[in-house]
Structure formats: C-alpha cells, structure tokens
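For reference, the chain that follows is the form predicted alone, supplied as structure tokens.
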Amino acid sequence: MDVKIEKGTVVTVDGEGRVLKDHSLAVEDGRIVEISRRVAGEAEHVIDARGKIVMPGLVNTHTHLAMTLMRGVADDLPLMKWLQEEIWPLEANLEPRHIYAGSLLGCLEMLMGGTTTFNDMYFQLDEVARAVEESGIRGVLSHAMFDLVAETSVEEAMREGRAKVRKYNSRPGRVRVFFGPHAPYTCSEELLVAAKEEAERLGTGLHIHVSETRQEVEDSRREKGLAPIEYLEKIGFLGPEVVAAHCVWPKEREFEVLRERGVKVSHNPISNMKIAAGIAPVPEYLNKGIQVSLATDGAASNNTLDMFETMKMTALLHKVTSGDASAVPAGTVLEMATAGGARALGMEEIGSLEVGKRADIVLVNTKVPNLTPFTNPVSHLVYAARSSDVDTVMVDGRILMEGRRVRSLDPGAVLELAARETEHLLEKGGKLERLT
C-alpha cells in the first residue's frame, strides 16, 4: 500500500455515523482500501495517528477564492453598498496576476484548515485552476457570468463558460467546472436559460447566488412579480445540478420548489451575519428534506475561509434563533460540511471515510488544551476544534501537509506574493493610502 494511517480515532461520516476508536486505514492508488483495527502489510509511508482524529476532508461549497486579497478592504457595510461602492470598483482593476496570487493564498488557507474541496465562482478561471493544481486540493470552478451589470453579451458570457467546461471537464484531474450565472438580479432570463441548457447538455452543474437579502427578494417581486426562487422555477432553471448559495429569504412555496427540484442549498452563516443579510432557515430546510451544505463565502465578506469556524457558527446560530438547543446538532453539521458538500457537488466519491472512496483525509491533533479531555470526537470537531488543530491533510492519497508542514506549497512564498499583489491591486484601485 502507499500510505498506512495507524491507531487513530476514525470519524467516518458514513451513512451510520460510525466513530471507530483505535483504527487504521490503508490507502493505495489514491483510494481507501481498508479500514480495520490493524492493517497488515507494509506501506511506503506510515502515519502515527495516536492522539488524532482521522476525518474526511471538509468541503466548502461557496467561495470567491481570489477575494482573499480584499480581506478587510470593505467591512461593516450592507451587501449592495459593499458590492457597488467598494468591491465591484476594486474588481475592475483585477489582473490575472492578482487572481492567481489571491487564489493561491486561498488554497493555502483552506489546505492548512482541513478543507480539501471547494466550489468557487470568480474571474480568470485559468488562474484559479493553476493555483488549485499547484496546491493539490480539489476545486469546482465557475466563471462568473453577468450581462445586466456588465458590458457583456449573453453570447460572450456563454462562450467563455462553455470553453472552460470543455477544457477542464474533458480530462481527469482535481479541477472541474460548473456554469456560474452570478444571480437573478445580474443575469437576464436569456442568460440563465442558456446556462441551464448548456449545463444539461454538457453534463455539469450550475452555481448561483439566490435570495441572499430581503432587498433582493423585494426587488424581484416588484420587477418580476415573483420572488427569486419562484422566478427561477418559472423559467425552468432549477434542478438537482444547481448549487444555490445563501437562500436566506425563501417564501413558503419556495421550500417545496427547492425540495421537488432537488436544489442544493449552500449555507453561508458568517457572511450572512456580517453583511446583515439575515439567517437562512436551515432547520426548516433539513426538516423538509432539502439538502444543505456549508460554505464560508469569500474572504472579503467573512473574513476567513475557515470551515471549522463555520461549523461551530452554524450549530450555535440555529439553536439561539430557534430557541431549541437540539436544533442542527453536531453530527448533522459535520455531515453538512463533508458528505453533504460532496453530494452537493456531485462528488460522492469523497466526503466520507469508506473503503473504495478517494483518500481525501484530514488528521486533527487532539493533544491541545481546547480538545482535552477527549470525550466526544464529533462534538469536539464542531464545537471545540480550530483550523490550527489540523495536523495532516491528504488529497487523492497524496500528503499535502504533515505535522503542520505544508509539502505542496511554500507558505512563505505564497504570503509574500499575496502581500505584494494586494498592494499592487489597492494602488491601482486608489485604496492603498486609505487602507495601509
């Protein structure tokens, strides 16, 4: 075998939610080939997992990766003011070099925090893909498509999106591409329908923002006579291939629409709170059988890509708002951040630790004060663990970090590059003096 992970506490997140104490895993050709008390035979590399939780890699289902360069640039603002007055003007100055640097920084942050797969929507997709390939993690990427708020035609937006889907989805690898119409308020009906038809024809997914703020819903009802989810249903956009980010403000009938169409809701609790967008009705989604995964959103509106932070916030937020301490329990949250995210992206080959699945594996060090005493592994992962407790990360059987030492990237060089390119971007955007 290639790798043997010995004597850890294995949190499988399989269909039974098994936690296997003092167990070992064997990895060969990028897959898990055995999980047992003792794995016999030699391995090229042996990892001592005593004192560690062995868990599936976390799956972040909604990001704007290169916005790491905009971390802290525009805080404490409502969404549309944040977008129209701060973010979109700054993004007008983006160059490929900025996208690459910000994406590489985002990959490093996620890797070191135990996130092994993410679902992104941004620009210059080739630069994001380059960062993903260098880092060793998995990326589902979307070229952000607009035609109502940019000088881009439907034909141009579709041409670019189609080219990227064909380029990356026709070959094996850790990069896949979805179509990424930004939102119902930035895309025409023609563009939304075209993206839906092409996604079906090419066998890929759709990534979109929906019902993020109350104002968005009110504007949609005034302009279209329908709330955003109702509108997307009317034009035939919704289906099981759709990852819908936010979904904070559904109307009663829209719950049934999401369930019937098999739409995958991506919950972004920290970003939603920071821009005062509202609180998505996650307990209701779950009770109605709607699939929900977890996400950070971009580092400009969160301001981290920390999925451990997101897990804890998800569990606590819905307890306090519902008045029910049993709402969205730890096991449910962990599933949403792993196997649930994998299902949302159509990647059932990851997300849990089971024989035959791809070896996307994270080891969390429990020999730290915040995880002592070690009594309840699932609870500890959601309520007590921090991203800095991640010790080892493996994707496709390849060790990307071990003992907190990153192997696939040079962290110092990545941080230096990101700082340099941020300064260049802010200077171009006229914000350098204000922010430094």
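Each residue number is its position in the shown sequence, starting from 1. Predicted, not measured: the structure shown is a model, and the values here were computed from it.
A second form of this protein, the form predicted in complex with a further copy of the same chain, is not displayed here; the remarks below concern that form.
Annotated contacts: Ser135, Ser142 and Val355 are all free of a further copy of the same chain in the model of the complex [non-hydrogen atom within 4.5 angstroms].
With the partner omitted from this view, the residue of Leu94, Val193, Leu77, Leu83 that lies near a further copy of the same chain in the model of the complex is Leu77 [heavy atom within 4.5 Å]. Heavy atoms of Leu25 never reach within 4.5 Å of a further copy of the same chain in the model of the complex, leaving it off the interface.
When contacts are judged by a 4.5 Å heavy atom cut-off, Ile275 counts as touching a further copy of the same chain in the model of the complex.
When contacts are judged by a 4.5 Å heavy atom cut-off, Thr68 counts as touching a further copy of the same chain in the model of the complex. Interface residue remark: Arg162 is not counted as part of the site for a further copy of the same chain in the model of the complex, having no heavy atom within 4.5 Å. Residues with any non-hydrogen atom within 4.5 angstroms of a further copy of the same chain in the model of the complex fall in just one of 195-203, 299-307, 343-351, 115-123: 299-307. Interface residues of 307-324, taken as those with a heavy atom within 4.5 Å of a further copy of the same chain in the model of the complex (partner not displayed): Glu309, Lys312, Met313, Leu316, Leu317, Lys319, Val320, Gly323, Asp324, in sequence order.
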